[in-house]
Structure formats: C-alpha cells, structure tokens
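To begin, one chain is listed below as structure tokens, in the form predicted on its own.
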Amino acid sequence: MSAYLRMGELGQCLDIFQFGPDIMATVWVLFIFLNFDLLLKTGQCAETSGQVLSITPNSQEQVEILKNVSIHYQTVLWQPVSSDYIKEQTQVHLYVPANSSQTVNDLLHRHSITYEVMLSNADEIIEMQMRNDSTDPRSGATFYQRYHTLEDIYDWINRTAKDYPNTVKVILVGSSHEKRPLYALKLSLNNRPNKKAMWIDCGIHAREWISPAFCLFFVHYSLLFYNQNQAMTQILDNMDVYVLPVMNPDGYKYTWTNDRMWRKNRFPKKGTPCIGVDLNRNFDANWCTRGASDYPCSEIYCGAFPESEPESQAVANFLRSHKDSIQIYLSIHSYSQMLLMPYSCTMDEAENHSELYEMVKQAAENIRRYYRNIYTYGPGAKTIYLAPGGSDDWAHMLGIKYSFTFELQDRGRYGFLLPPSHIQGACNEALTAVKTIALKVMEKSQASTSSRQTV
C-alpha cells in the first residue's frame, strides 16, 4: 500500500546513524514517531500514490503549460473535462498517477505554478471504494451506502423486479457496444388512464459512480416510502417512472476492472489507438459544434455521427416512442453540485426558460434549506460551458419540455472519488430536487387541465 513505509526503506533513511543495537532501536522508535507523518507528506522513503491537484493558472503562459501537462504524463482532467476549457483564473482539477507525480510536480514548480494537493492518496481511496465488506452485497441496510459492480447492479435489478412483481417491470431498452444489456425499470403504482411519466438515466459517464448509486437509491426509496412520504406518494400516484441505472455499462465495467478514471463508452475507432465516444456529446443537439471534438482520443469525442453509439441510439429510440407520455427527463451526473437546464448546446434560451429556471431555483433553495448545501443552477452553456450533443438538450428539442441535468456532490474535495459515507447525503439532495421539479410539473399540468375544462 502506498501509505505505508517499508522497513527496508526506513532503514536506508537511518543509515546516517552509527549507534549500538540498543541505541539504534531507540532511534528507530523516535524517528518513526517524530517523522512518520512528514515522510508521508514529502513522499521520501514512501511509496507514492496517485494525486489530485487543484491548480489555478494566473497567466496565459501558465494556461498553455497546464494544457500540455493535462494531455501528457498519463494525467486525467477532472475539471474542466477538456483542456480547451482551461483559462486564466479558473480552477483546474487534475489527477496525476503515481508514476508521473514527481515529474508533474517538478514541472509546475519550475514554472512557478502553485497548486494544492486535494487528494494525496487517490489510489488508496479507489481500492477502498472497490471493497465489498458484505458476504451478500444485496443484503443489509448499507447496500445503498456503497458502490456496486455492474454485475451486482444487474442482480439488484432482477431481485427488485421479483420482490415487487406488481409495480416494477424490467425493460430491455437496448444493448451496448460490447453487447451488455441496457435495463430500465418502470415503476407503475396504479393503472390510472392517461398517466404521464418521468425518465431518469444514470451512469452516462463511467467514472461518475455516485450517479448509478442514486438511481438505485431512488428506486429503493420510491418503493419503500410509497404511502408513507406524501410527496413521493403524490408523484407515483400521478406518474410512472422509468429508471435506467447504467446507460454506459461497458465504460462502467471498465472503471472497476481497468481504469477508474474512464469516462466514455468502449467503442474502438478503427485506424486509431483511440477508444470511446462521449455519449453526452452523441445526441442530435447542435451535434459536434463548439464544445465537442471530432478527435477520437478526446474525452469529449462526439462520435462519427449523431446517435452513432448503440447506447445513445437505444435511449433516443425509447424516448421517441414514449415522447407523448414522458413529461420530465432527468440525467444524473457528477460532480460540481449544479442543477442544469437547456440549453447546453447553444447560448440561446429555451422557449420555456422562465419555467425551467423557476424549477431549478426552487430545487436549489430546498436543498439549501433542508441540507445546508449550495447548488448552482441555470442553463448549461451559461452556467458551465458549451456542451453540444447532450441528452437533456436533445430530449427538450424532442418535445420533453421539462428536461434537466443534475451534477451531484461534491465541488471537488473528492470529485469522482466521493466516499461511500457521502452517498446518502448526495442522494437525499438529488431526491429533493427530483421531488421539487416533479411536483411543480404536476401542479402546472393540473392547472392547465383545469383551465381547459373551465373554458
């Protein structure tokens, strides 16, 4: 483990002492006691670990150096997602693997670029989050306070459908590039005619583990608290809910087996060493314009054409075939604590901008009131940056007028490596936003129906 000193290495550090055995033993104890924490921080006599750095470039020269660092040395940009977005006085979060740590740190020092180490032990955190302490991962109250493998999620989907045969239906929406199924769960608590629906998808970006965790939590909460929680009961009495826990199963699987920082799907681009398309740049919403890339190795590669990927095509086909009933579209991401609305693909405002803004504003206020946590809100392009080809913009253009993207916890302290101890809080905040928006949509729909009946 990278956090521990090996005794042989420590012995090399103490070679400068030429004492007898008894005194030497005493020196060893004192040295370890007094200097252990310092050695870990400096990295001397210790194995290194991957780190996450927070860097704010202060000049255009530093911006260019940071862009260069972010595409070399096996580093991974966390924030922003692409080096194109790095600019002066804007915070950058960068994962630096252990084997590049010293080189990158020296380079930053050489150019007087200051930085803060946000996570000094990223590799240990990754290993810890992959542990499963339960003999049966489906059992126990802590199931929804841990991250789960794709196999565990598939197993959970089957078990949930068996446990609630009258209310939960599993729908095969499509399959991934590597032929893994895309399962959605339909929650339907009654047979009222002409019911509207809400769609929630999670895990479009593989490394955002809190996203599938929320989808599992949401289904569990909905089934457990129906007829107990007033807001949830009201929503489920009036709406069916479709939940797709993992939209990018190939990528998600890869984060558990090969590369925890993987973002895209796993489609290989012929004739290049590049793998993967950003599924949230692959929908037909100003596809592959500024804010996306046609370079296959880019983290924001838009694909060969809109819906070129089986995952995005499957979701788009399902939404097209259900567009008359689905009123709300929600896509769950991380991190940065934001409630985003159309558009991300253009600076233009959506035709129902005021309605959408009112909803995300109220949702953010409720989160702050109940959980004292701050979420930024607004149109994606103006709140973060241009991001064409997104699923939420495409859904809105399709006619699903209440379309949103949630960016869950946190703001960067842990980023994509949000500890399991934070899952409950992150899910509660997202649930508050879902409830707020769903109730608002129902209120508007009922008011519209009443006015038509009056006329």
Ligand code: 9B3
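This is a predicted model, so every value here is computed, not measured. Numbers for residues come from their place in the sequence shown, where the first is 1.
Although it is not shown, the form predicted in complex with the named molecule is what the next lines describe.
Stretch 204-212 is the answer when you ask which of 156-164, 204-212, 234-242, 97-105 has residues with heavy atoms within 4.5 Å of the named molecule in the predicted bound form. For the three residues N280, P388 and E407, a heavy atom within 4.5 Å of the named molecule turns up in the predicted bound form in every case. Put simply, S334 is close to the named molecule in the predicted bound form: some heavy atom of it is within 4.5 Å. Among heavy atoms of S176, none comes within 4.5 Å of the named molecule in the predicted bound form. Under a 4.5 angstroms non-hydrogen atom cutoff, the named molecule in the predicted bound form has R263 among its neighbouring residues. In the predicted bound form, none of the heavy atoms of V246 sits within 4.5 Å of a heavy atom of the named molecule.
Only one of S344, N286, S222, T255 lies close to the named molecule in the predicted bound form, with a heavy atom inside 4.5 Å, and it is S344. Among the residues I384, I113, A197, M118, the one placing a heavy atom within 4.5 Å of the named molecule in the predicted bound form is I384.
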